[in-house]
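Form predicted on its own, single chain, as structure tokens, below.
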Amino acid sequence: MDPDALAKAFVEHYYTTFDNNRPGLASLYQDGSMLTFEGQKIQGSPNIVAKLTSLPFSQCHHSITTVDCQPSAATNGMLVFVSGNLQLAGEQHALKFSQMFHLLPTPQGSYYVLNDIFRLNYA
């Protein structure tokens, strides 16, 4: 599959799952995965999902502005950089965010998130 198409498909799947079924993100992470969320480092799929499901909002919608990707040749993986807007339920203004994923292939032929860095972008 074309790397750009793969990155776009991953991003669509990730944010649709985040917005509608956050616990469903568990299958995208493994025990060695790490999330840095606003500077806080969290390791392992159960801990990452616990962090994401404990965020102080239950409903949100991600609107993606850009998706950039590069191959990670040493691992046959991919770096994916996303920017966009995060609309929280009941809030008038959307928050701008950036997120970077390092995806690695699984033996089954799919990809999992090894590294995930998320930041809100304040003006």
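Small disclaimer: the values here were computed from a predicted structure and weren't measured. Note that residue numbering begins at 1 and tracks the sequence as displayed.
We do not show the form predicted in complex with another copy of the chain, though everything after this point is about it.
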Would you please decide whether L28 lies within 4.5 angstroms of another copy of the chain in the model of the complex, comparing each non-hydrogen atom pair? no
Is there a heavy atom of S83 no more than 4.5 Å from a heavy atom of another copy of the chain in the model of the complex? yes
Report yes if any heavy atom of I117 sits within 4.5 Å of a heavy atom of another copy of the chain in the model of the complex; otherwise report no. yes
Although the partner isn't part of this model, could you tell me whether P56 comes within 4.5 Å of another copy of the chain in the model of the complex, counting any heavy atom of the residue? no
Candidate spot T36, G39 and N121, all three in 4.5 Å heavy atom range of another copy of the chain in the model of the complex? yes
Which listed residue (I64, L52, L79, L88) meets the criterion of a heavy atom within 4.5 Å of another copy of the chain in the model of the complex? L79
